[in-house]
Structure formats: structure tokens, C-alpha cells
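As a starting point, one isolated chain is supplied in C-alpha cells, in the form predicted on its own.
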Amino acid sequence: MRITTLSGGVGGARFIRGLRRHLDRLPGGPGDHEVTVIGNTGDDITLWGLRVCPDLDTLLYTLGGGIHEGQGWGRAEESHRIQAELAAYGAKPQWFGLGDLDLATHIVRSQWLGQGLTLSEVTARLASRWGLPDQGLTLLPMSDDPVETHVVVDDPEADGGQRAIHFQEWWVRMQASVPASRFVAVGMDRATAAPGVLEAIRTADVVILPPSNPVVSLGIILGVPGVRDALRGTAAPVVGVSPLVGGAPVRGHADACLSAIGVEATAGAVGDLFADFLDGWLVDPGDAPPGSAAGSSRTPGGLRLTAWDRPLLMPDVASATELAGAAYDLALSLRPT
């Protein structure tokens, strides 16, 4: 089986780790299933001259066994001596924390990019260091071209009463507390899908959208030319897992992102963002319409909803494995006989 996933950071990484565990338990054992992960690079930012790819790094560390489990991002057993020294020099910004082990990733990535390697080639080298190929995992950036998500916010002192800031400043420093007027994917007009991305979607046996931010993670990946068309055209069933539980994100600020694009923070409304290519949408039992039987309810856009028999939560690897298994089984049930 060839499974392709589109993923943001923490939620997607935990889900895919669970998916890998689920697949390894199936008849045939490890190695009989290949998982390709298409990672969001719209969160990427350059800090202190280094190229930082937060979602790709979270995927690498989580799938490679080096993640800080409590945070869901960054390295385990991390130290911050370099960050402290930068602060002593007055170097800014200080609102984006990078640990010493994490900095090694950004240093080598920036060095290889400077030597002329593409982001795909660099990511493949990093994935080998973390043992992803040995697990049957392939990590692809959505594009080799730089794309950065910016957020337009109101500012009475700026020309036109608005200004654009990098997504990371809005997300990390401001904690999405300032209402966003809109999101702009800078560089998307010049971007193309990275090698292997469209093929991974078109030739997949199953495509899964893990519970990632629908606007600034999945939405950015879908903005890469050709990706959405490939999802519409693939013969594989495409299923997604709602990132909302009871109308609220499990983590992060997805509700603030949905508000900015005028979409209600409900599982059905979020599913309808992808209704042109989704075959199934796994939702929390509390988010299914009252009285509807599992699999029989529909969103206003006509998307089939399937309620899981427990909350869509992943507090540990075991629960992530069960959730990923439910999404995988839903996809298999939608395959043509």
C-alpha cells in the first residue's frame, strides 16, 4: 500500500507516527506499506541568517524519535545557551526560541542550501539522519521554492491602515491575539510542486489529511499549483481528520485562522473547505449532527461525515495509533471494490 499524507506540524506529525505504528501491525508487517508525507513550508522563516522550517523539523524529530514530547516541537533534552548569548548581544528577535540541538539542523540546512542543493535534497539528507527511510517514510517539502505565509493585520499608523507581518510573529509572539484580515502566501505565484509531490498523490492507494491547521498548513499546501488538481484526479480515496473537537482546535489557533477567512469553526464547515476532493471526513462524536448515524450525515457542501466512537484526541502514541487506524480503515472502506 502506498499512503500519501499532507501535513502541518505537531498534530500531523503525531498522527503520522501513529499511522506508521498502525501499518506495522497489519498483516505482512513492517516494510509492506510506504508512507509519503508532503510537509507545509509556508511557516518557513529566516532567523539570524539561518533557514528555519518549523513543520518539516517537527515531522523529522517526531518521526525520528527526537521530539520534545511535552511541547510537541523542538528537540528532547534541549539546552538554550546560544539563544541566551544572542540575547546578551541584543540580537533580535527573541520571541522565537531555538535550542542548541535544533540550531544544528538549521545551520546544516542553510549550509547545504547555500551550496546549491534544493530543499527537497536537503530534506532527504536530514530524513536519512533521522532514520525515516528505514521506516518506509518519505518526507517531501511541498515546494522547493521559498513560500512564506504573511498575515495582514490592522494598524492605524500604517499606510492604508494595515500592515503585513510574518506568520511566525503573529502566531508565536502575538499568539494570534490580533485579528487577521487575511493571509498572503508570499512567493506562491512563482512556486511549483517539489519533485515527487504530484506523483505521490496521483499514484497513491490512499490519501489522508491528518488533523492539521486547515488554513495555514493544509490550505497553504493546497495553494501550490497542481496539488489540488492532483487530489481531485487521484483514483485513491481521500479522507481527512477534523482538527476541531467541539468546535474548538485541540491546540493552536485554528479558530482565529478560520475567522479570518470567514469560515465557521465547525467540523462540517472545515470539511467543506476540502469537499471538492474529499471522499470522507472523520469527526469527533460531539461534532456529528444530532441523531445521525455514523457515515450517513452530510455537511452543507455534501461531504460525508463519519463520527469516530471516541474524541479525536492524541494524548499519547497509543491513542494516535488508534485514530490513524480509524482514518485508514475509513479510506479502505471507500476504495472501489
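Numbering starts at 1 and follows the sequence shown. Since this is a predicted model, take the numbers as computed values, not measurements.
There is also a form predicted in complex with another copy of the chain; it is not shown, and the following applies to it.
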{"query": "Every residue of 236, 274 and 278 near another copy of the chain in the predicted bound form, heavy atom within 4.5 Å", "finding": "no"}
{"query": "Contact flag, residue 81 vs another copy of the chain in the predicted bound form, heavy atom cut 4.5 Å", "finding": "yes"}
{"query": "Close approach of residue 189 to another copy of the chain in the predicted bound form, 4.5 Å, heavy atom", "finding": "no"}
{"query": "Heavy atom of residue 248 within 4.5 Å of another copy of the chain in the predicted bound form", "finding": "no"}
{"query": "Proximity of residue 89 to another copy of the chain in the predicted bound form, heavy atoms at 4.5 Å", "finding": "yes"}
{"query": "Stretch in contact, per heavy atom within 4.5 angstroms of another copy of the chain in the predicted bound form, of 94-102, 249-257, 208-216, 147-155", "finding": "94-102"}
{"query": "Listed residue that, although another copy of the chain is not shown, lies within 4.5 Å of it in the predicted bound form (heavy atoms), from 171, 183, 73, 112", "finding": "112"}
{"query": "Stretch 123-160 - residues with a heavy atom within 4.5 Å of another copy of the chain in the predicted bound form", "finding": "126, 129, 130"}
